[in-house]
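One chain comes next, on its own, written as structure tokens: the form predicted on its own.
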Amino acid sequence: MKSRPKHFYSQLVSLEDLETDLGLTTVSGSEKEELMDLAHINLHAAIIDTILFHLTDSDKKKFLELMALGEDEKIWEHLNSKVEKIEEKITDTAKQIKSQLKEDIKKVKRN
């Protein structure tokens, strides 16, 4: 599998189990890559949406500026000062998205 960009939340969230599940399907290698790219995109969008939901407009702006600069440590400082239990919120969102994706993979395995 190809290397994907690391995000500030990468230490909290992994999609390795999805890659393993996809490996058990008859989907071709290039299709697996595409599906994993989509999984990463969906997960990233859901996590960012969760974070933005909990921030004020000015805090959203600061968060997005820090993200654009790749300032992971400052992102965490900002989020932890603004959102209670942000890591838990991120991992909960990731679990929901992964659960949905695993259900989709199960459907592929049955076909």
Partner chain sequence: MPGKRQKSQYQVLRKKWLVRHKQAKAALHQKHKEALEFVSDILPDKEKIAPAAVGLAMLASSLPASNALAAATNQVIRPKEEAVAEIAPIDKKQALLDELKSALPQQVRPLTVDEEGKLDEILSRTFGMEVRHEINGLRLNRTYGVIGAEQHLMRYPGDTMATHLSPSEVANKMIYSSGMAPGRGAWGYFTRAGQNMTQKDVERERWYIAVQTFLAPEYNTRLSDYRGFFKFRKMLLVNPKAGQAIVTVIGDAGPAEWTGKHLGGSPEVMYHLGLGSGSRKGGVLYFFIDDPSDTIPLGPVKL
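What you are looking at is a predicted structure, and each value in this text was computed from that prediction instead of being measured. Positions refer to the first chain, counted from 1.
Although not depicted, the form predicted together with its partner chain is the subject of the following passage.
Peer 1: Please determine whether residue 60 contacts its partner chain in the predicted complex, using a 4.5 Å cut-off between heavy atoms.
Peer 2: Residue 60 belongs to the contact set for its partner chain.
Peer 1: Check whether residue 80 has any heavy atom within 4.5 Å of a heavy atom of its partner chain in the predicted complex, and answer yes or no.
Peer 2: Although its partner chain is absent here, residue 80 would stay clear of it in the predicted complex, with no heavy atoms inside 4.5 Å.
Peer 1: Just checking whether residue 75 would be counted as a contact of its partner chain in the predicted complex - the rule being heavy atoms within 4.5 angstroms.
Peer 2: Contact check for residue 75: no, nothing within 4.5 Å of its partner chain in the predicted complex.
Peer 1: Classify residue 65 as contacting or not contacting its partner chain in the predicted complex by the rule of any non-hydrogen atom within 4.5 angstroms, answering yes or no.
Peer 2: Yes.
Peer 1: Residue by residue through 20 to 51, tell me which have a non-hydrogen atom within 4.5 angstroms of its partner chain in the predicted complex.
Peer 2: 22, 25, 26, 27, 31, 34, 35, 37, 38, 39, 41, 42, 44, 45, 48, 49, 50, in sequence order.
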